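Next up: just one chain, as structure tokens, the form predicted alone.
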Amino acid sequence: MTQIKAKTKNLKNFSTSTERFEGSNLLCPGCAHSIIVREVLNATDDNLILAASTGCLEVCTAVYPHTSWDASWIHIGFENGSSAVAGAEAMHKALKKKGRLKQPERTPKFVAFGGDGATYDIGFQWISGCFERGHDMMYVCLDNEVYANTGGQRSSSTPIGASATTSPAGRTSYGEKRNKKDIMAIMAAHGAPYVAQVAPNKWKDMVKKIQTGFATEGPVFINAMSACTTEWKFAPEDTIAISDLATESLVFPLYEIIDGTELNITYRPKNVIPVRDYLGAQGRFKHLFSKQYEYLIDEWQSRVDAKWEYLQRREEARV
């Protein structure tokens, strides 16, 4: 794998960088999407070719005739943001080979954004195809664990016990019945040179991974936790606090997988907090604190502990 060459920007660098994602958009107050996208675009000074699948990010940042994107950007269907960017990347290679580029020494970065619905479900086979063919591109999943743009339906990223509009909690149901799909393991199984999980509260870790991804030749997958104030049901000003609870409880561990095998944990909390604290801060899990469903909190804790143990063993084994 190509090793990172650029240094991680500090806050001053970030504050003085030219904005390529403007703050004037229609995303919900407190939405983590804008934080993540801004950091991705700010992590490189190279030209960018971007695509966004249908979703919250797309509908809120490109209301005709206005746009938040100061970079080459295309909106395309729910399922094929990855294909659009892969096509642009292939075209760039072909034109360069034919000597038809005016500035052949400048190679842009190709990035596709999609929500968890576009990534885990509807667009998965297109993403898989792009990674199988080895396109030189980055795919960023804005993982808010629900189809937030279309009414809060569950996706295969929605965690067990969460109340969504198509898996509502009530007297006869505790909400979502299935465990969240392990998208990191699936994408690493493609043999991708770089796969990483990030969260906006750990911005240095995020920027370092994004820069590593940009310095990597071949398909790169980034799974970014994007806390959703509307569907997770917390106050807009608590986005980073909720993200802190996710990473400090290890519900959302931060790690990377290189060349499909080498796993590195990139953040270890000094004081791991109970999963109960993370669940209790969000309205979508409030029913789990009733006598009827409280047993699920212990199951949650056991599952998170087991996954953390697994990640540590994988890291130690270097396989």
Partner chain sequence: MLENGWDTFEIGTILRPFEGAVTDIVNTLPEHRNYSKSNSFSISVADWRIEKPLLNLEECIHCQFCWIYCPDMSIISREKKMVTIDFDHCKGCGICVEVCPTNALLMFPEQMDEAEALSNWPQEENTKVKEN
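If you superpose the two forms and keep the largest set of C-alpha atoms that fall within 1.5 Å, you have the rigid core. All values reported here derive from a predicted model rather than from experimental measurement. Positions refer to the first chain, counted from 1.
Not on display, but discussed next: the form predicted in complex with its partner chain.
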task = Would you check, heavy atoms only and a 4.5 Å threshold, whether Gly283 touches its partner chain in the predicted complex?
result = no
| message | Please determine whether Trp203 contacts its partner chain in the predicted complex, using a 4.5 Å cut-off between heavy atoms. | response | yes
query = With the partner left out of view, is Asp121 within 4.5 angstroms of its partner chain in the predicted complex by any non-hydrogen atom?
reply = no
**Asked** Does Tyr255 reach its partner chain in the predicted complex, with heavy atoms at most 4.5 Å apart?
**Response** no
Given 268 to 276, 247 to 255, 42 to 50, 289 to 297, the stretch touching its partner chain in the predicted complex at heavy atoms within 4.5 Å is 42 to 50
Near its partner chain in the predicted complex, with a heavy atom at 4.5 Å or closer, the residues from 175 to 195 are none
Is Phe14 one of the residues whose C-alpha moves 2 Å or more between this form and the one not shown after the core fit? yes
